[in-house]
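In structure tokens, one chain follows: the form predicted on its own.
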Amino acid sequence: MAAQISTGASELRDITKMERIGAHSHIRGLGLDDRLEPRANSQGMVGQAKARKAAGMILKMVQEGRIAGRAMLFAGPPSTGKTAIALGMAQTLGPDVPFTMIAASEVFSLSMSKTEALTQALRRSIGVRIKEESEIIEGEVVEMQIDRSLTGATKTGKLTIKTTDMETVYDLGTKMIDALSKEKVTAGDVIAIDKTSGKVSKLGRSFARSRDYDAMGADTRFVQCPEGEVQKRKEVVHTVSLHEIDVINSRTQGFLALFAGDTGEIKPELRDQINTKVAEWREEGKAEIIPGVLFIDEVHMLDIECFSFLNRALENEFSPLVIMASNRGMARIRGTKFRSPHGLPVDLLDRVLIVSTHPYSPDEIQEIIKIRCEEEDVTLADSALTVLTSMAAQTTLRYALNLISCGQIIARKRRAERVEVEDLRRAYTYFMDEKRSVQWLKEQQGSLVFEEIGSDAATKDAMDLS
């Protein structure tokens, strides 16, 4: 089976994502200069200079392929930009280097085991760049003649293609005529035909035919007539992840399984065969391994079995850079009675490079609020910006950022363009932050259902059971 391993690269298509404003949609990169020095405010990133520089150094090593199989941990209080730095890394790496982002709780699924979910995430983060040579016919269509039989059952034709240097006539069969008709190829179009698959690609209209019509569609693209010979050899490069190769080879419907979503368990024997084949391709120079990045958010939610699996997986030949994030201090390791820093076992902590993040200063908070206002297309008055900054310092940054859109809706109700202090005050009364919520619970004096547990010991037992 290993000899017939398929990548399905030619069948993969980009799926257009719906554009929306998210919590981190303002992040465009890490905001570093050419010397990996962090700028004060760049690409949506503000503050956390040391953490961003550390992330930049790691990225440099990832791009050079020198840090596969290592692990990093971003540790710091909530709302200190751990996820933002990870997303900045993803943006900086570009589309060619695979970046997989999961939350630790995603691993616990009824459809597959924990180790299978982690294995799939790890293999999504390893890219394989496959080089293929194919013969193509490329040129400008001079003339296309199609002859149909009286019954219409058979079709024959001739296609005349030219470049700047030569002109060739090809005899067409039924399949080729159908492919050209499907692409609506006419005289004057510049086309490329893949000889192995018979796929026809329309590159555009020739500049020589640009005056044929007085009016053209907005999507009409003009290109130069190709140079050289009509028939050429071309190197095509596909980049797929190891997980995509696993799915394509584990399902009867092949590449369509990628779009079905339900991948299920994949046999270890199949993965071993794929690893062997990919290693052969690499030795022959047909493929290149691209170690990517796996980001695990809220990593303290994993249990001891997942941590032991990660320890082993990091030593594997096909392993990406694993970046984890945790906001816990001394916490119990799930599945055990032991407490450990960040909720991670000591043997895993020994393998990771730890980067700490710190709370933002008032000036940095103000810059972040300004960036979010631009992203959400909200105009804040100067006094409202000052109030929101102090509000973020007293409560949390996330709470303050959530009030921006709420304040805009209240401002619209009074038909104002700018969000004023009064709008923020009204939003502040409608939505409680965590501190005021705790205060409100104390004021209820036991009127809520199931509030009392009984004693501190009972509370500790309940926490241990959870």
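Note that the coordinates shown come from a computational prediction; the quantities given were computed from them, not determined experimentally. Start at 1 and count along the sequence shown; that's the residue number.
Another form exists, predicted in complex with a small molecule; not displayed. Remarks below refer to it.
Between 42-50, 56-64, 434-442, 417-425, the stretch whose residues reach within 4.5 angstroms of the small molecule in the predicted complex through a non-hydrogen atom is 42-50. When the small molecule is considered in the predicted complex, G329 lies well away from it, no heavy atom lying within 4.5 Å.
Using a 4.5 angstroms threshold between heavy atoms, I27 counts as touching the small molecule in the predicted complex. Interface residue remark: G88 is not counted as part of the site for the small molecule in the predicted complex, having no heavy atom within 4.5 Å. Although the partner is absent from this view, R398 contacts the small molecule in the predicted complex, with a non-hydrogen atom inside 4.5 angstroms. Residue Y360 is the only one of F318, W281, F307, Y360 with a heavy atom lying within 4.5 Å of the small molecule in the predicted complex. Put simply, of G228, G188, P77, G335 only one has a heavy atom within 4.5 Å of the small molecule in the predicted complex, and it is P77.
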